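The chain below stands alone and is given as structure tokens, in the form predicted alone.
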């Protein structure tokens, strides 16, 4: 599913090489659930962005289901992400000018495959927000916004789900509910999950844990 080789990613400055990530080989099997842990600035989000194609490595191979994202143009990476990857961002990135239902539907706008009718409603029912379809994100609690972001990430039926500190802004109860929902849904659908977190309780729920600093 995921195979990264000879990865180097830097953000250089005038006084520093700015190396954020540098390792030789890392793999995740299809259907695996992996927590990325590490100190702030260790490269967790950068690694997620490489996996999603939001950024490209300076050198190396980023293979997702046999496609090397490093060889694609930005437009091709955008298309691949729309068709194959769901992403739950740390700040959720919900649009206040759209309803909850419309925010979820946006998850499939750029995908080649057409979303089945009623899928957004079904996903929102599944996350306990079937009664909030026409509300806007600002009318929801933070915990509810996290559920909308999760539903949107599943809208295009991804093979790979990425999550960047998805419980970071939630209290313990809401965080546990969102995490349980994410992992159980992924298991049922065979979705590979990679989640960046600094919370050891969160990482303990995953099949395996990788410390970014230890990637060699």
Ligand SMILES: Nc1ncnc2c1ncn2[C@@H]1O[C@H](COP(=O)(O)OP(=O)(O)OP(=O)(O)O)[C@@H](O)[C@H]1O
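Numbering follows the first chain given and starts at 1. Note that the coordinates shown come from a computational prediction; the quantities given were computed from them, not determined experimentally.
Separately, the form predicted together with the named molecule exists; it is not shown, and the next lines address it.
Looking at residue 167, you'd find every heavy atom of it more than 4.5 angstroms from the named molecule in the predicted complex. The closest heavy atom approach of residue 41 to the named molecule in the predicted complex falls within 4.5 Å. Shown alone here, residue 45 lies within 4.5 Å of the named molecule in the predicted complex, counting heavy atoms only.
Although the partner is absent from this view, residue 136 stays clear of the named molecule in the predicted complex, with no non-hydrogen atom inside 4.5 angstroms.
Though the named molecule is absent from this view, in the predicted complex it lies within 4.5 Å of a heavy atom of just one residue from 144, 84, 99, 90, which is 90. Proximity to the named molecule in the predicted complex holds for all of 11, 20 and 198, with the criterion being a heavy atom within 4.5 Å. The stretch in contact with the named molecule in the predicted complex, judged by heavy atoms within 4.5 Å, is 45-53, chosen from 182-190, 151-159, 45-53, 169-177.
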